[in-house]
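Form predicted on its own, single chain, as structure tokens, below.
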């Protein structure tokens, strides 16, 4: 009996030692990366100009690690255009991209501007699959190495100002075609790549060509490339229906007492999930590679992702972040089949195909 116990102890010991060593090794690797990142002096992150990054993420990361963040804010397409221009002159300025799906898949990944991210993930809090809803970090690209999708929320379909639009007046997607709303709908410009064109593509795919023509031409929606302008119009009631307003722009208006309602679904169009606000990737030939590694690990951690998710109002792919801050409509329901607006194949082929079809309807050359 003693012999059996000794053998069992030996087997367990052999199993346990490598497990402990692996944990300690991961921690050691993280500490070494952190020390090297501090020596590099900063990390350069490119992303959309939302207040969550400036007001919450940057201060917390800098406080946590003593590494300043230089934040390059702008539309994803503009940032990539700038990066490509700089690279043609041998200038490499950006370490980390927090970019939209189209830009990430078709330009950052498609033009080979990024490095594999998977080997850089070493923070135990991140690599532990039990912390993620799918049992692992969600890599979106075909190789499952380059692009991480940290978010998956039910997407808002539109916002309305209930002082001007009663919820019962919008039960079906085709209620948007009521002549009463002509000139009263705002949209991000659907004739350029971005949220406006993406929604037009989605509606073309789900509702059809005739609906897109009726909505975007006959209803005379007011177009803009300034998303803040749309939320201002929404609050004032000049355009009380907004197709592309963003939650982080609308939330302060609701706090200020404006009667704004977020609508997630209407009859005639399936519910949609997406990976908004961004996908994560790291630049190749990054000027601060270790600082990039530290930021990428931290922004995927419970603390980093939790800060961003709460500030922006998105559901994450992590299982250990309290989602009580979310509206119930934002959280994907089990057993419901959603249209995934951030599915890789839709991004690289489907959306482009339907966006071009929508552009033909809109007579965009």
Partner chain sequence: MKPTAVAVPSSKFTFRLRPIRLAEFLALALLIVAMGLPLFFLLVGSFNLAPPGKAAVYGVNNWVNAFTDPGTLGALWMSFLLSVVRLIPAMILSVLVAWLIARTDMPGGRTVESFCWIAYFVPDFPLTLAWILLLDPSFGFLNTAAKGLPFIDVPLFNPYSFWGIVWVHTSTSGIWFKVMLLVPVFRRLGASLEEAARVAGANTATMLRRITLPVLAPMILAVSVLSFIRGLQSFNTELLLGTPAGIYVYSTRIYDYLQREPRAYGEATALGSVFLLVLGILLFFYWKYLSGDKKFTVVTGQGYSTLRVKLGKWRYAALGGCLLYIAVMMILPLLFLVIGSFMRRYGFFGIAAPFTLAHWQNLFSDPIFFVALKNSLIIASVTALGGILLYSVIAYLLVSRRTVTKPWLESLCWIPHVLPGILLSLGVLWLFLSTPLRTLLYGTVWGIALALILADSPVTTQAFKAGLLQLGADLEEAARVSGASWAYTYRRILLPLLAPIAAAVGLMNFGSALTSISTPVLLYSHQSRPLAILLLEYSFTGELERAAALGLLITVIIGAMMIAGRKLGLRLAGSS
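Positions refer to the first chain, counted from 1. This structure is a prediction, so every number in the text was calculated from the model and none was measured.
The following text describes the form predicted in complex with the partner chain, which does not appear among the structures shown.
- Between the partner chain and the residues 198, 156, 76, 274, the one pair within 4.5 Å by heavy atoms in the predicted complex involves 76.
- The partner is absent here; in the predicted complex, the one residue of 98, 243, 80, 114 having a heavy atom within 4.5 Å of the partner chain is 80.
- Shown alone, this chain has one stretch from 281-289, 202-210, 266-274, 186-194 that lies within 4.5 Å of the partner chain in the predicted complex by heavy atoms: 186-194.
- Within 4.5 Å of the partner chain in the predicted complex, a heavy atom is found for not a single one of 28, 333 and 338.
- Contact check for residue 107: a heavy atom falls within 4.5 Å of the partner chain in the predicted complex.
- The shortest heavy atom separation between residue 352 and the partner chain in the predicted complex is within 4.5 Å.
- In the predicted complex, the partner chain stays beyond 4.5 Å of every heavy atom belonging to residue 143.
- Within 4.5 Å of any heavy atom of the partner chain in the predicted complex lies no heavy atom of residue 328.
- Along 88-123, a non-hydrogen atom within 4.5 Å of the partner chain in the predicted complex is carried by 89, 91, 93, 102, 103, 107, 110, 111, in order along the sequence.
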